[in-house]
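Heads up, the chain below is alone and in the form predicted alone; it's given as structure tokens.
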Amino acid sequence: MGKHTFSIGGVHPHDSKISRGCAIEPLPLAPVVYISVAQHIGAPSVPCVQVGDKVKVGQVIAEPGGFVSAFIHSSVSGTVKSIGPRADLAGRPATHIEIEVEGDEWLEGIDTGDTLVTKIPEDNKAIIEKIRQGGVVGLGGATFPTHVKLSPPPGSKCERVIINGCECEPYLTSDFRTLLEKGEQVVVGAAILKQVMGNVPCTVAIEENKPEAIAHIKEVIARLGYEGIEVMPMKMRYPQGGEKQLIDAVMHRQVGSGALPISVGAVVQNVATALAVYDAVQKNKPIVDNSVTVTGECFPRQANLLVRVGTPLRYIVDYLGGVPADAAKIISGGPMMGRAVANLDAATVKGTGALLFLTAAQTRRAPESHCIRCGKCADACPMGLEPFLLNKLSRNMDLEALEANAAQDCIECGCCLYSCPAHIPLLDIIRQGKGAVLGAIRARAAAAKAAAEAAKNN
């Protein structure tokens, strides 16, 4: 068990799953929620409610702002108090819809019962439309609109659906608890995705440090009788749950530079996304809540909470006893790929999966010294890049050389930083270079499009 893994790089941090025994518990409703219209990859959504409107749980409050965009629904019932800029997790201003909570009245037609619905509709186009209307996005971190991923471009064909249950980031346990507590719904969601993509084989990938989840999902698949769905135990290795790494481990195919997973016949969806697909298709329930791990050795009460989208972080922390005195940093996500929370008054979004509390000793970086050309960062890079070179090019902002050396392919996993004996902040520096390269690529594409349109008009 657990022999499957990717072929390039990777590291082995301690998994620190100290909240794994905490069942998911619903967080009581906050008095006010702040729902961002920019909580997915692509164009921000456009508010379709006004100040003073009464809304119910599950009601659309913002519509897609483009093809790659998503519907946003009210996570509570109450009155819209304001629509305007508010600081997000990073402290950047983004439009939020403020709703004062009044009861918990759900929109008509949403099935909030626990009865499992296993019969899948036959109309795949109608299924994808339900997923679109439900505002379903990837909940593994990228928040890419799911209906877009399920509509491959002409000439592309899916050969396998992969459900990502690895949860390889240290400390995170919400996906593990979802597999244990909502395994039936996840499997039905996987069967829906499998059908939509042409009844291709489906693999549920789970790391070997979750034997209970592996056994449970195998039992559920056998009991529900869906054919063509398998569980594949994976080696415990970071970043096993990275999309390209998972495709390599399951299908032994490498996604090329700048290419999408569908280019090698793969469609990857997170466990929580499969659950959201089930809810949208079988229950008419849009994404209005998600499971959030709250953890850290210094945090007195470990928890996995079911949190309504738009809940202020401070409300969550206060519910569990407040910020510990020895907590020096709060991270949204895990310690490898998560981002520091600059604003505890910010609100959760669909993709919020964890709040991690770290002490000063856990976050203190050793003094940076000179690169000794040991190559450990290159050995650890799961994308086959040369972080020591990208570090130098990023410091000099040599965009042409950065692009030629595929800085844009960096998945920001932090393996290079983790493995560097010189304690060079490789991830931070390369991230800046990658951002500049992606900006240049987008600008070049926009200029080419404009030139093509001008030529067409002439």
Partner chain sequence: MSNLIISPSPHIHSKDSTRSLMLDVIIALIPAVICSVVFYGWRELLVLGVSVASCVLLEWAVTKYWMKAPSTVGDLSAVITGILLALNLPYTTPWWVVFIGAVVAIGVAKLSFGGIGQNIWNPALVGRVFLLVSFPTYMTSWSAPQGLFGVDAVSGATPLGTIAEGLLQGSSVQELTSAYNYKDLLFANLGGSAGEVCALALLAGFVYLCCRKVIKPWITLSIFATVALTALVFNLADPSRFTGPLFNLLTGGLVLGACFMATDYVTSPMSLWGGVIFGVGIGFLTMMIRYFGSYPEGVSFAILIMNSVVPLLNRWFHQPKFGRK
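Heads up, when I say rigid core I mean the largest set of C-alphas that superpose within 1.5 Å between the two forms. None of these values were measured; they are calculated from a predicted model. Positions refer to the first chain, counted from 1.
Beyond what is shown, the protein has a form predicted in complex with its partner chain; the following relates to that form.
Checking 127, 162, 294, 336 for any heavy atom within 4.5 Å of its partner chain in the predicted complex turns up a single hit: 336. A single residue from the set 188, 214, 305, 331 has any heavy atom within 4.5 angstroms of its partner chain in the predicted complex; that residue is 331. At a distance threshold of 4.5 angstroms between non-hydrogen atoms, residue 141 is out of contact with its partner chain in the predicted complex. Residue 145 falls outside the set of residues with a heavy atom inside 4.5 Å of its partner chain in the predicted complex. In the predicted complex, its partner chain lies farther than 4.5 Å from every heavy atom of residue 199.
By the criterion of a heavy atom within 4.5 Å, residue 389 is counted among the residues contacting its partner chain in the predicted complex.
Remark: of stretches 269-277, 118-126, 366-374, 73-81, the one touching its partner chain in the predicted complex is 366-374 (heavy atom within 4.5 Å). The three marked residues, 254, 385 and 418, each reach its partner chain in the predicted complex, with a heavy atom inside 4.5 Å. Taking a 4.5 Å heavy atom cutoff to its partner chain in the predicted complex, the one contacting residue in 146-183 is 170. Annotation: Cα of residue 438 displaced by at least 2 Å between the shown form and the other one, core superposition.
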